[in-house]
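Presented as structure tokens, the chain that follows is alone, the form predicted on its own.
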Amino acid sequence: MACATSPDRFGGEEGGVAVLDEPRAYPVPPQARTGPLWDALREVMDPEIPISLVDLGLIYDVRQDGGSVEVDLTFTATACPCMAFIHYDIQDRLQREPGVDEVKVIETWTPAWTKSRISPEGRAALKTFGVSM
């Protein structure tokens, strides 16, 4: 997407064109959760119920810039007693991926997590533990 700007912004007589990133859905929709980082995150389980954080819908986005990775993470509740464990598990798992040197986990509360974010695989796994959604 290109965006025309005024000449003042770039100091040129003819103005300039800024190239902006395509707008992205947020949280990343399930069909777009692909690639090695998402696959690695599928191996990170919720400490209380052995279901991946991705299937629970707790991972909102993953971005990589060189060796740095940022993960947007939410929780089901603000007083989740496992927050520190989850942060550590995400960092530990992603730092085992080739080319990943640093992992930053960013907690986000907007938009709020709802049970509608649980994937069909997550719902099936919850059902095996006697939890219906």
Partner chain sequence: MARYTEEELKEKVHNGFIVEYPDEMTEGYRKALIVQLMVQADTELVSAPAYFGAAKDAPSTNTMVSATAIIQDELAHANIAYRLLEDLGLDKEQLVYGRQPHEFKHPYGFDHPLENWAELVVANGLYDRAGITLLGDVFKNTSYGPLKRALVKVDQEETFHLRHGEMWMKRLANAGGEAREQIQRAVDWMFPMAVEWFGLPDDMKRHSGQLDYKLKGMTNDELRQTWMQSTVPLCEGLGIDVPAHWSEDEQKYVLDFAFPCQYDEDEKRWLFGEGQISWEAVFERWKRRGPANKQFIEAIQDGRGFRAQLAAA
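Numbering follows the first chain given and starts at 1. Treat the numbers as computed from the prediction; the structure is a model and nothing was measured.
The next section is about a form of this same protein that is not shown, the form predicted together with its partner chain.
So in the predicted complex, does Phe85 come within 4.5 Å of its partner chain, heavy atom to heavy atom?
Output for Phe85 is yes: heavy atoms within 4.5 Å of its partner chain.
Within 4.5 Å, heavy atoms only: does Pro47 come near its partner chain in the predicted complex?
Contact check for Pro47: yes, within 4.5 Å of its partner chain in the predicted complex.
Does the 4.5 Å heavy atom contact test between Asp72 and its partner chain in the predicted complex come out positive?
Judged by the heavy-atom cut-off of 4.5 Å, Asp72 is well away from its partner chain in the predicted complex.
Might Asp65 be said to contact its partner chain in the predicted complex, defining contact as any heavy atom within 4.5 Å?
It does not: once its partner chain is placed as it appears in the predicted complex, Asp65 has no heavy atom within 4.5 Å of it.
Looking at Glu107, Asp39, Glu97, Glu102, which has any heavy atom no more than 4.5 Å from its partner chain in the predicted complex?
Contact check passes for Glu107.
For the heavy atom contacts within 4.5 Å of its partner chain in the predicted complex, list the residues of 89-112 involved, in sequence order.
Contacts from 89-112: Asp89, Asp92, Glu107.
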